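Encoded as C-alpha cells, the following chain is the form predicted alone, with no partner shown.
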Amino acid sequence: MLQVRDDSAAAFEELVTRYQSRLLAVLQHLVPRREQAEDLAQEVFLRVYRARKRYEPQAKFSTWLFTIAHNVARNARRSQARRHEINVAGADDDGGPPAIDQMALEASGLMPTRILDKAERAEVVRLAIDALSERQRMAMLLAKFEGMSYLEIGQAMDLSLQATKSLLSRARENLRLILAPYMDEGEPPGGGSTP
C-alpha cells in the first residue's frame, strides 16, 4: 500500500489481485446479489485508490480495507432500504442464494438421522450466517474467514474491544439457536423468526 501511495500502478494491481476474492467473499454475505457484491468490491478498491495519498500504516492493510468494505456495504444496504425495492422473482432467478423456506421444501427428508453431504452442510451454515444481523454477520465473517483478532475487527467496524467481544458472543449464540433444529433433527434452518 505504501507503493500505491507513491502512485505505483503495479502495486495497486497486486493489491487488487491479492485481496479481490477475499473481499468479494465477505461482500457476498452482506448483500443479496453477487452482481451487487462485485460492484461494491469495485467501489471499495476505487475508494482505496482515491484515499492512497492519505494512507497511514497504523494497522494492517486488510483491517483498513475491510473497514472501507464494511462502510460501503452498510451504505449500499441503507440506500437499498430507502428505495423499498421488492424482489418478486424467485431467489434462484438472479443466481442468488435460495430462500430458506425453499430449501426446507426441497430437503430430501426430515429424518433426524439422514446423512448430509459436505456441500449441503456448508449451504445450511451459509444460510444461518445470512440470517444474522448485518453487524453480527460482518464480525463473524471477519473473525472466521479473515482470521482477524478482536482488536482488528473492532478497528474495522469502529467498535471498542468489549463491544466486539459482545457482538461476536451474540452472533455465536444466535448461530447456535438458528442451527439447533438442524443439529438436533436434521431440519434446515428456517420457518421461524431469527433471534
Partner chain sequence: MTDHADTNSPSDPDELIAYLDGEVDAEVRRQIELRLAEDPELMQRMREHQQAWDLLDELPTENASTDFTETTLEMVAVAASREVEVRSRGTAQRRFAWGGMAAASLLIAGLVGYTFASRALQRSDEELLRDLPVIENLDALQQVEDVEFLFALENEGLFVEENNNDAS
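Just so it is clear, the model here is predicted, and its values are computed rather than measured. Numbering follows the first chain given and starts at 1.
Below, we turn to the form predicted in complex with the partner chain, even though it does not appear here.
Candidate site formed by Q42, R126 and A143: every one of these residues places a non-hydrogen atom within 4.5 angstroms of the partner chain in the predicted bound form. Among residues of the shown chain, R78 is not one whose heavy atoms approach the partner chain to within 4.5 Å in the predicted bound form.
The shortest heavy atom separation between I68 and the partner chain in the predicted bound form exceeds 4.5 Å. Interface residue remark: S166 is counted as part of the site for the partner chain in the predicted bound form, having a heavy atom within 4.5 Å.
A residue is said to contact a partner when one of its heavy atoms sits within 4.5 Å of a partner heavy atom; Q58 fails this definition for the partner chain in the predicted bound form, lying far away.
Contact residues in stretch 15 to 37 (any heavy atom within 4.5 Å of the partner chain, taken in the predicted bound form) are V16, T17, Q20, S21, L24, Q28, H29, R34.
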